[in-house]
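Quick setup: one chain, the form predicted on its own, written in structure tokens, and binding and motion questions come after.
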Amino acid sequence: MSLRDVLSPFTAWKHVIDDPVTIKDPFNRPGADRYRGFHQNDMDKCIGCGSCEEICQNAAIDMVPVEGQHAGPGDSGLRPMIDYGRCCWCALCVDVCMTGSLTMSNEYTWVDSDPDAFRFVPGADGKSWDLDVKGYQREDVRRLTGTTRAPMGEMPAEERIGNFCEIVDGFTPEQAVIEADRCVECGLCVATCPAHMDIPDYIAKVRDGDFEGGLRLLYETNPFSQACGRICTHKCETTCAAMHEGDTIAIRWLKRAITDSVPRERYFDLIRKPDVPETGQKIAIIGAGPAGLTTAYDLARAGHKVVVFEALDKPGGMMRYGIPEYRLPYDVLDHEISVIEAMGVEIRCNMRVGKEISIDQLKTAYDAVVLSIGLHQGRSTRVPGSEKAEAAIDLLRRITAGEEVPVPEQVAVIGGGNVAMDIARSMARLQKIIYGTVGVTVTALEELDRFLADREEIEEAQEEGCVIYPARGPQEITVAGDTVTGLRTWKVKAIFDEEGRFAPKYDETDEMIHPAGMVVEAIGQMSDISLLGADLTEQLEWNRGRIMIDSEGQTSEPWLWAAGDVTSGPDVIHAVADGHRVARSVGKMLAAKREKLQ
């Protein structure tokens, strides 16, 4: 040991005359401006997504109900409760907060004799630091998750307009993983989805690269996952927590990525009928659309014999005959239906109830009957000359069936919904193939931002050459002899009156004539209920042209249920949800029947 080593401890004595650095009153010393102190939460900005709870590695945060906070679209109604017996003040909860509602004050002293006091709900349990400005907030440029969607290929307008090929490429597996990694698994989307699909869980499967596991999850709640991965209205994305930071998660396209990434032959290995005993009970389903086939899927998997009666040549309902192939390829739909048939569902096409077989025969031969007939008839504007108009839904059916349809060089479409866009874009393709140019005009009562069509449908129609005239009301379909020559419209001043009733008002001085050799009406659809017969039609209860049902889908007749468009309007995912609900109700009735026989 050297002399220096011996003397080194004594060198500390040189500081004996320095001023002390000990804080005489540590409890009143302010924290640094960005000190990570006690939590604050803006209750109005918080959406209860639970990302803070999910990221906390010490389990110091629990999402709890709070008086005055109610669940609603995009808000779980829950708020974070902090346990300072576990918190390490790492601030990851603040960094991950999707809305920026959760922050930390620079207050760091809190004395209380009750240990339970240190478990509190910031923003709900008032504290002295609630309004403090200083403290730790996430910087605007910092994000723990990506803010923009992964890029996805799409056929350019100039290429797609001359054919009916699918437009969207879909995510590659690599792109899907990147997009899935943005999800914080908050689950707000689940409550918004009519079928309550396990969205966070199947997105997690994508992130892990387990597409087969994701497929199993999809088919637990949606036997039309391939279709919904393309055409779902994806309302779930409107409540996605990611929208508070940037783009919402591409939930619909991630669903498609799962279904596209699994070879079709593997579906039959992954989605098997449960090993349940056959009940011997039989159910007749009228209509092979998404509601009817979902009902059939569930009931067949429960051991029942299910027969579906379809009036048209092929199953699929409005998905096949109302949605163009460039949005939903028919081979995709065929494969989807084959999975349902593999559960033991029998589909009899070209069997129109009321013609080939009566509904009374079905009532007698089956334990239950489910009506899911869709909306295959168009509504009319009833303006002068409307008897010369074509119904959009009829044209779409004929195009799908490969029938010849008239294709003039100029077509005018009345309507601002998805069906209007579908027929406008379909006619534009046929015009491009025949004439090399597009001559489609779309008119609607609403302003463009009020159109019922999906925004992407409107934008793609415009890209393809369709000309849209918003706020134009049809007054007359002009005719020369027996030939349609155009559509006369007036500027719309108001659609509804002061009491909210439909009563359009027009500016008669603002008139336009839209030249057209065909006018197509796409202002709504209705069901063909003639199959019910006069007696049953009178016995059933109705509400504004739709069959009235109870909360489980049962009509006023104890043997008859109804689901899908005929009860809730056109939307595939709602039809799927209806199918599940009706299957549960029918299943309960059949179980009660079996119990009585035992």
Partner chain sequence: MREILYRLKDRYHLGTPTFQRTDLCFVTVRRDEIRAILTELRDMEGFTHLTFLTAVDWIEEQLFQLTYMVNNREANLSLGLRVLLDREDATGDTIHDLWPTAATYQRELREMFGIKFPGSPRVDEEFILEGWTDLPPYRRDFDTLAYSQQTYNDRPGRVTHDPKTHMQKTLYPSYPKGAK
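Predicted, not measured: the structure shown is a model, and the values here were computed from it. Residue numbers count along the first chain shown, from 1. The term rigid core refers to the maximal set of C-alpha atoms that superpose within 1.5 Å between the two forms.
The form predicted together with the partner chain exists for this protein as well; it is not shown, and the discussion that follows is about that form.
Contact here is defined as any heavy atom lying within 4.5 Å of the partner chain in the model of the complex, and by that definition not a single one of 472, 511 and 515 is a contact residue. Stretch-level contact analysis of 189-197, 487-495, 160-168, 425-433 against the partner chain in the model of the complex, using heavy atoms and a 4.5 Å limit, identifies 189-197.
The shortest heavy atom separation between residue 42 and the partner chain in the model of the complex exceeds 4.5 Å. Contact annotation: residue 476 falls outside 4.5 Å of the partner chain in the model of the complex, judged by heavy atom distances. Interface membership of residue 531, defined by any non-hydrogen atom within 4.5 Å of the partner chain in the model of the complex, is ruled out. Interface membership of residue 71, defined by any non-hydrogen atom within 4.5 Å of the partner chain in the model of the complex, is confirmed. For the options 119, 205, 314, 376, the residue carrying a heavy atom within 4.5 angstroms of the partner chain in the model of the complex is 119. Residue 330 is not among the residues whose C-alpha shifts by 2 Å or more between this form and the one not shown once the rigid core is aligned; its shift stays under 2 Å. Residue 494: CA moves less than 2 Å between this form and the one not shown after rigid-core fitting. The rigid-core alignment places the CA of residue 434 less than 2 Å apart between this form and the one not shown.
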